[in-house]
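Next up: a single chain in structure tokens, the form predicted alone.
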């Protein structure tokens, strides 16, 4: 499946969330990641994210699609990190 992950966490936990998301997805912009991931790996990431987050003040939003080709991605302005170089 193809996932876009967006998080908003307290600055005390930003570093940990950044490292976690980079292990599973491609960084594209501040607090935004995307990429192909298996359902098992996504569940693993969510379990680890729950250990980092304080649910009363942090959030993680996941947009899921069967495949990247089902998304129409449009970047307006500077694209900080392109994922087009992946095969």
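Nothing here was measured: the structure is a model prediction, and the numbers come from that model. Residue numbers count along the first chain shown, from 1.
What comes next is about the form predicted together with another copy of the chain, which is not displayed.
Engineer: Although the partner isn't part of this model, could you tell me whether residue 46 comes within 4.5 Å of another copy of the chain in the predicted bound form, counting any heavy atom of the residue?
Structural biologist: Residue 46: contacts another copy of the chain in the predicted bound form.
Engineer: Can you tell me whether residue 13 touches another copy of the chain? I mean in the predicted bound form, with a 4.5 angstroms heavy atom cut-off.
Structural biologist: Close contact is absent here: in the predicted bound form, residue 13 is far from another copy of the chain, nothing within 4.5 Å, heavy atoms only.
Engineer: Looking at the partner-bound form in the predicted bound form, is residue 32 within 4.5 Å of another copy of the chain by any heavy atom?
Structural biologist: Looking in the predicted bound form, residue contacts with another copy of the chain include residue 32, since a heavy atom lies within 4.5 Å.
Engineer: Taking 4.5 angstroms as the cut-off for heavy atoms, does residue 61 touch another copy of the chain in the predicted bound form?
Structural biologist: The answer is yes: residue 61 has a heavy atom within 4.5 Å of another copy of the chain.
Engineer: Even though the chain is shown alone, can you say which residues of 3 to 31 have a heavy atom within 4.5 Å of another copy of the chain in the predicted bound form?
Structural biologist: Going through 3 to 31 in order - heavy atoms within 4.5 Å of another copy of the chain in the predicted bound form - the hits are 4, 6, 7, 8, 28, 29, 30.
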